[in-house]
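Given next, in structure tokens, is a single chain: the form predicted alone.
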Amino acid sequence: MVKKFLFVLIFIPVLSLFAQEIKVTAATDTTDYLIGDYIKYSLTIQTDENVFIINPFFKDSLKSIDVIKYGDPVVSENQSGKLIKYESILSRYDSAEVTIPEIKIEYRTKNDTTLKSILSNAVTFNVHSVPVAMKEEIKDIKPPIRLFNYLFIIYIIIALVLLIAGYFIYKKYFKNKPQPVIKSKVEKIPLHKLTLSKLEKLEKEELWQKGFVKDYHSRITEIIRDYFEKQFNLPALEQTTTDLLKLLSRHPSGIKVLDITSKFLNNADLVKFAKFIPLENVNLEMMTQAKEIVTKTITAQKEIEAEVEVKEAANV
């Protein structure tokens, strides 16, 4: 009995060392809005340093209200650990009592890949129109306020005549010859260089290293889809992975990167939709694949243009 008692005394403190604290609070800046007002909705997560948050996707929870802007997470440190805050701007265009339901926050702890979750509190507020006093008597229209007298108007006319006369005298006798206007040339950055710059910026943010794995995969696939949309004139941002790969297979340059794009998008889909937590080398490989997709398509595009020039020269 003594040994068991000593074991319990030792084991309980050890368990408390591994207990992870996490607290989620949802709130709006007030509870009363007019129709069309901006509603500032915040989701605040207080955790200790050993907890890594998976970015919440709460768009489906906001069906009764319009989303104006999703804010990026802002991470700060305090005495209790770290504070992660998401701020969004919402709006609604008809009157009602609105309730934003509980938001599910998924997270994992250090050295543990088990996915856990916690719910925020629900938030309720009222949206109403401007009250109109229907029973009040209709008041007469107020007469116009007379701002100027006739003498003041005469002074204004004289001043305008003098200004116009002075302008013509200056233009005829004193004004120098007009100087040529030199228009500055704005160098347009090529799309592939702009895309590579976006990828490098994302790489420096170190999102997946900080625990924002899902956000990292969403951002990197959005950059590549946007590149496909502008480079090949395809609706890449609106298509599923399967449909996008079909469109790429029909494009002369897109077919050159079909295999690597398939691996790239399928890995991202596993993380975003199947809640798969990838190994570090998968996250690194995603960035390598993204850059390779851009460089390979540019190389393929140049090869196709060179072939066209050769054929045109031969036909002349």
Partner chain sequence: MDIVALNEKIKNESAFIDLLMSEIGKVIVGQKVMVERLIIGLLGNGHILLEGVPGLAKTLAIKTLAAAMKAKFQRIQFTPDLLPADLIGTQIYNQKDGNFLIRKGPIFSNFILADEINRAPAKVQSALLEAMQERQITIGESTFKLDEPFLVLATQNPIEQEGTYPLPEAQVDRFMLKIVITYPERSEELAIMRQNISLIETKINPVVSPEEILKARNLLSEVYIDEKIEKYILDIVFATRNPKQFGLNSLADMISYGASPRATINLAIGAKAMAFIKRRGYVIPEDVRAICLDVLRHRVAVTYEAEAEEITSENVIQEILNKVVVP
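Everything numeric in this text was worked out from a predicted model, so none of it was measured. Residue numbers count along the first chain shown, from 1.
Unshown form predicted in complex with its partner chain; subsequent notes refer to it.
A single residue from the set 91, 109, 241, 88 has any heavy atom within 4.5 angstroms of its partner chain in the predicted complex; that residue is 241. 237 is the sole member of 189, 74, 154, 237 with a non-hydrogen atom within 4.5 Å of its partner chain in the predicted complex. When contacts are judged by a 4.5 Å heavy atom cut-off, residue 273 counts as touching its partner chain in the predicted complex. Interface membership of residue 218, defined by any non-hydrogen atom within 4.5 Å of its partner chain in the predicted complex, is confirmed. This chain is displayed without its partner chain, yet in the predicted complex the stretch 264-272 from 282-290, 264-272, 249-257, 25-33 comes within 4.5 Å of it by heavy atoms.
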